[in-house]
Every structure is written in structure tokens, then in C-alpha cells.
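As C-alpha cells, one chain now follows by itself in the form predicted on its own.
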């Protein structure tokens, strides 16, 4: 039997504790300072954090810094270990707590420090932007591409960073039928085709009601776009 842990959120005022030295890994935030701005998730959400701790530790040991392959190696565990709904996942404070308090070493290991603004996004992004927060993006991509316990498409997506970059930074990225269709159809395409096909797919959706689009409709649209691009 796995032990479930209470999940928490970092309240907005707590973001002021996240300075440049912390982002660079040159300073830590004292627990007593952070605790003042951490509160339990209102939903009472829980997660198997012991298992996730072990998975993150393994990633840090097995993958070199900024190796994009660590995304695919960790995404399933993030998704499986956090027992949350999409509604709960929409709370930015949860992901801020996970990144700042629980797994800051992973965030710095995965993302090279290029600027304070860019690194703050990896720690304190989230909300409507699926691509920002370093942990948030892993959960959401797995949520949108998995089928029950089948993470085959999730693995295919993370194996192709062009798909990750071009699909999940689009406005349609939260609509699962469209995501599944375009990711599946583009899985074996070269980067140039993916780049142009996602741009045209995104433009084509401006003329339809997204929620009325079935996965089959999205798949047919993707195939037509790919044929045109080729």
C-alpha cells in the first residue's frame, strides 16, 4: 500500500522569496520563511511523494544537465504520483510549491539559467500556459496524451522535442482530441514538417469551433495539412 501525502500550494505573496540567487542554485530559501507562505491545497489533494522523490533522484543521477530526454523519463511518474484532477492542476500555486519547495534541483538540472525572467517562468509559471512551469508541463502533457495507464503516445511526444515545442505552446493544447490527433499523426515527421503543419493546423482551427471537433475530425484535418506541407 502506497503512502499518500498532502499536497500544498505556494501563495502568491510567497513568490517574493524566489530571488535570482535561488534561481541560480546559489542560495536556499529557509524552511521557516517558506512555511509562512505555504498552505494545503483546498481540494485536499494528495500524492505519492516518496515514489516521486525517488524518481526525481534517479533522473538527477542518470541524466546530464539540460538533457531533454529526462522529460520523457519523468513525465509518467509525475502524472501517476500526483492524484489530482484537471481542476486542481489548474491552480498555479500547486506547481509553484512543487518546483520551489519540493524539486528545485530538478528544475535547475533540466533548464539552463539564461536569464532571471526565463528561469522564474520555470519555477513560477503555470496556469493557462502549459509550457512554462518545469513540472506542470510534464503532468499536463502526460495527462493529454496518455490513455489510462498507456503512455505510448506520451513517450513518442517527449522523444520529439519539436512536437513538444510546437504543439503544447499553442492555444488548442488543452483540447485533448486535437492534441492526440496531431501528436499521433506527426510522430514520425521531420522537424520542418512539424513546424509548418502545426502552424497551419493552428490557423485552420480559427475557422471552426474547437470543442465541436472530434478526434477523427482533427486527425483528418492534420492529414490534409501534412499532405499540403509535403
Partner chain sequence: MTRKPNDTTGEAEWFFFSGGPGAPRYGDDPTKHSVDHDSEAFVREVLQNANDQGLDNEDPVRVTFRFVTLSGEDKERFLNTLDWGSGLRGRLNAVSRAKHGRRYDDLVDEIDNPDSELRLLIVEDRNTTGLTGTWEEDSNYAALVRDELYSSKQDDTAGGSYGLGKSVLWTFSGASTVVFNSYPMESSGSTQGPRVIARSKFPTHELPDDDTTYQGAGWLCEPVQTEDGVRPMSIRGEKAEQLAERLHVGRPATSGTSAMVVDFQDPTRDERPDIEDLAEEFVEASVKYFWPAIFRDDLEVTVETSEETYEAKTEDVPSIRPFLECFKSRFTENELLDSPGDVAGLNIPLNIPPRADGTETPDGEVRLAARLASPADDDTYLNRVALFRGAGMVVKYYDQSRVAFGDRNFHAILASGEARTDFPPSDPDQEVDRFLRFAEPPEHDEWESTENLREQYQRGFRTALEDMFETMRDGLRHLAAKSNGGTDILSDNVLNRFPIHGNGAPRATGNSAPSEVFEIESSSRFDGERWTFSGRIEPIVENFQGWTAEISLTGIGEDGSRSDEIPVESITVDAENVTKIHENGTARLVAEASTENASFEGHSHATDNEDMLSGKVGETQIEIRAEIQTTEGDES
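Note that the coordinates shown come from a computational prediction; the quantities given were computed from them, not determined experimentally. Residue numbers count along the first chain shown, from 1.
What comes next is about the form predicted together with its partner chain, which is not displayed.
- The stretch that touches its partner chain in the predicted complex, counting heavy atoms within 4.5 Å, is 89 to 97, out of 89 to 97, 146 to 154, 114 to 122, 74 to 82.
- Taking a 4.5 Å heavy atom cutoff to its partner chain in the predicted complex, the contact residue among 190, 58, 28, 199 is 199.
- Mapping the unseen interface onto this chain, residue 205 counts among the residues with a heavy atom inside 4.5 Å of its partner chain in the predicted complex.
- For the chain shown alone, residue 4 is not a contact residue for its partner chain in the predicted complex, no non-hydrogen atom being within 4.5 angstroms.
- Using a 4.5 angstroms threshold between heavy atoms, residue 17 stays clear of its partner chain in the predicted complex.
- Interface residue remark: residue 63 is not counted as part of the site for its partner chain in the predicted complex, having no heavy atom within 4.5 Å.
- Three-residue candidate spot 32, 177 and 219; no residue lies within 4.5 angstroms of its partner chain in the predicted complex by any non-hydrogen atom.
- Taking its partner chain as it sits in the predicted complex, the stretch 211 to 230 comes within 4.5 angstroms of it through a non-hydrogen atom at 221, 224, 225, 228.
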